[in-house]
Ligand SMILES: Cc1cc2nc3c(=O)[nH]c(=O)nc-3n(C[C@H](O)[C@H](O)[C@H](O)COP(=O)(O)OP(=O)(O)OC[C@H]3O[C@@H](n4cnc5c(N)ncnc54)[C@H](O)[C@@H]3O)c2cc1C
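Have a look below at one chain only, the form predicted on its own, in structure tokens format.
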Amino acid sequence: MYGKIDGEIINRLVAISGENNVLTCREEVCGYARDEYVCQLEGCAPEAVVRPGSVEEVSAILKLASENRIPVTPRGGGTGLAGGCVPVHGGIVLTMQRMNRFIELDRKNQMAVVEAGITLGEFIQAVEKEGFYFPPHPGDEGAMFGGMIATNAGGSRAVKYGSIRNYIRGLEVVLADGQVIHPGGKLIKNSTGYNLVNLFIGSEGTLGVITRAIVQVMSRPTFLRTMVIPFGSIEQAIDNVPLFFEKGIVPMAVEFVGLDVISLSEKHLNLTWPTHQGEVHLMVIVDSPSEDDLSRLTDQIADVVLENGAIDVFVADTPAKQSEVLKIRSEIYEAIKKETVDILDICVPRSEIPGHVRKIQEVARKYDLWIPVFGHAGDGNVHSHLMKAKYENGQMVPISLDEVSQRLEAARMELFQDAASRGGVISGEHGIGLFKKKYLPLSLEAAQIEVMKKIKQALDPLGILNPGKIF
């Protein structure tokens, strides 16, 4: 049983973070009862939203919460897609928006030190201003670093550069009882004890509150090129992806996307995609320190795909053309969001993508659904969109959710089961959060889940940190 927040608790929170940083008015706190999960399902509105300004304040808040057994839900930018920052038992939402400093850029070690509330967009701007580069790009630039670390955010560039996990060298974490620890550091190697940095990455705020991070950056690649390659079928497109790696070609990103959603995104933005041939396109991005090497990579990819079913190859070789292509691809979700019920975030071994995509098509036919599918073909992360709409004559035609809800749930279950049968998981980058937790046993064996629960119990014995998530 959790404790309630009374006037005394509010006064103590105000004493810690200041009157302007403790919100209790219903109109103010209700906005913190949801994230970007497409159905906009609400959790339980928090009793208080607190905006700490330092790690000392976070520590004091958690000590207070622990003493009174008050649930605490850490929150970053609220851009998550699984309800991970949505409170379930009221209590305190701890928003990191004031802790947004870019503390240091260590040029010799190529590492940045930042607070958890800095956004991806702010971070990119800061490091690029200094001539450095942060390879991952998980998506929404309003996402905050603490949240991205807590979900191990990925993005399209993970095929070459990995996910957020690959760039976090050290953390500052406040534990449930208010203790502050600093696992990791400005280190490339570390075999000293358990790897607590990796334990907190992807833990979704259930084990501790991340307040600071040491982030690896790198020199910026000089040249980029984007290719759009149309195919007559999704099978042809996906079957080409393993051929790149067999030839030793490692693109920065390999995305597959259907012409149906491309056309909807074009209309949404009033922009034009390079070609409308075929049914499914691969978008391939390559980078290189030299223009000659970039041309060689482009030619190698073109040779592979034209020998294996590609209709043509279109190269966006200027920054303006590349920007337009990336804009259309990145805005697909916004174009179809209104009629989207859920975005599945399945990840399978790369070799299993063709089979899983065929299963998606089979399930769509079986349940008479439109399930647009696109995703990160190079890393196995497939985003299937469960829709309350049909796609007819280039338009989305809405359908009542009541009419399709049972079919959508049956489709979701079949696709999760298919992922498991292929050695995959139900989430590659969005996390489990609130809305996927009932499906967790489809991905993980019981013994693994039990180990996770024991870790949770050890670090948060009162169960106050982001309760109701993952399990």
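Bear in mind that the values here come from a model prediction, so they are computed numbers and not experimental data. All residue numbers are counted from 1 along the displayed sequence.
One more form of this protein exists, namely the form predicted in complex with the named molecule; it is left out here, but the text below deals with it.
- Contact check for 232, 240 and 354: none of the three has a heavy atom within 4.5 Å of the named molecule in the model of the complex.
- In short, of 240-248, 320-328, 198-206, 288-296 it is 198-206 that has heavy atoms within 4.5 Å of the named molecule in the model of the complex.
- Residue in contact with the named molecule in the model of the complex (any heavy atom within 4.5 Å), chosen from 372, 71, 183, 155: 155.
- Proximity of residue 282 to the named molecule in the model of the complex: non-hydrogen atoms within 4.5 Å are absent; the residue sits far from the partner.
- Contact annotation for residue 79: at least one heavy atom lies within 4.5 Å of the named molecule in the model of the complex.
- The closest heavy atom approach of residue 96 to the named molecule in the model of the complex falls within 4.5 Å.
- The shortest heavy atom separation between residue 138 and the named molecule in the model of the complex is within 4.5 Å.
- If you take 364-399 and check each residue for a heavy atom within 4.5 Å of the named molecule in the model of the complex, you get just 376.
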